[in-house]
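First, one chain by itself: the form predicted alone, in structure tokens.
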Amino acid sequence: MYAVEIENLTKLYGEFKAVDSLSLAIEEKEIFGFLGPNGSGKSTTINCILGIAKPTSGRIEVCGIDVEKNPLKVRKICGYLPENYGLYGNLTAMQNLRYFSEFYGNFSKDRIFELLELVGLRDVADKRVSEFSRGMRQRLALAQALINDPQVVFLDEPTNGLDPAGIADFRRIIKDLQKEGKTVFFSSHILSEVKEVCSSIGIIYRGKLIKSGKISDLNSELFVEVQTEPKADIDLLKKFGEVKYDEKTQNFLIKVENDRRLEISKYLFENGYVVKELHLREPSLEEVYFNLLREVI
């Protein structure tokens, strides 16, 4: 059973197609990164999964529960940190969490202190939220999203506006949630953040899912980068695969299926070349991301 399974999700606002025939399956206990530019349909997709927005068409299940038939049941097992969250500034951190816990009928002082400890706010439990920094508010909003001990946690742009220390803390917390057996759906337009914590990703653009899979699979293109003295004959290197020459670095890039550095080095030596530089090169997640976007723009 998947934690989240979406089949042909479409959401229209008038004639505008916010999400277009999107299908996706996310495994349990996975940290899934949902990538796309602002306005690409990430938040709309999350709202449909949680039953906040009604899909125009398609089917969505969360932990085997049909969202359209049982939206309240789905919300009970999900936690949600929206991009624009709401907290009560006149209440303390403790009072905010107590208020939200009572929506689920499961108030527990121990649970609230446990969450405040998790997000690093235990020492300011009795401080009014109006006195909190942006980062502290963000942490409290995450604690709020976890108040019902959800199976699936949805985080919509959770690191927006945080300083480096706050971002590092969020990474740690997200990884801790996975260790506890939770599935995390992490929506972001910041590639470096997704790469730090996620094992698989989906890339959405103008409502369409253009690619999904393990990050390691998306970075599947492999190159051997080599520089020789004198400059090698490019036709000689085509024996191993497609070859490009970078005038700036004076290196050849040979596209390979697996690591062939030993063969290439030996072959060049046998043909009278000195190898000055030789290493493997994979495209970064950023390169993969923008290459995929260029294909659809």
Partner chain sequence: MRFLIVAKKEFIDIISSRRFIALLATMVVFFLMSVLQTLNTGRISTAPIIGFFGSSSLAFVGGIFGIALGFDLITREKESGTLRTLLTHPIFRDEIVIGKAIAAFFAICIAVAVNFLFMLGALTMRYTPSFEDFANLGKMMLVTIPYLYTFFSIAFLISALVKNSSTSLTVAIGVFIVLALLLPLFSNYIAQAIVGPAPENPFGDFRNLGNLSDDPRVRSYVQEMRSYMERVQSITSSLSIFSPVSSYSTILNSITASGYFRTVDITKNLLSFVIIPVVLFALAYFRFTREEI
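Residue numbers count along the first chain shown, from 1. Since the structure is predicted, the reported quantities are computational estimates derived from the model, not experimental observations.
What follows is about the form predicted together with the partner chain, which we do not show.
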Open item on the list: Considering non-hydrogen atoms and a 4.5 Å limit, does the partner chain approach F132 in the model of the complex?
Closed with: no
Task: Contact flag, N47 vs the partner chain in the model of the complex, heavy atom cut 4.5 Å - done: yes
Task: Heavy atom of Q144 within 4.5 Å of the partner chain in the model of the complex - done: yes
Open item on the list: With a cut-off of 4.5 Å between heavy atoms, is Y99 one of the residues that contacts the partner chain in the model of the complex?
Closed with: yes
Task: in the model of the complex, the residue from C63, A53, L253, L236 that sits within 4.5 Å of the partner chain by heavy atoms - done: A53
TODO: Tell me, out of P150, P82, G120, G166, which residue has a non-hydrogen atom within 4.5 angstroms of the partner chain in the model of the complex.
DONE: P82
Task: Contact stretch among 266-274, 29-37, 64-72, 226-234 - heavy atom within 4.5 Å of the partner chain in the model of the complex - done: 64-72
Task: Residues in 89-113 close to the partner chain in the model of the complex, defined by a heavy atom within 4.5 Å, in order - done: N90, L91, Y99, F100, E102, F103, Y104
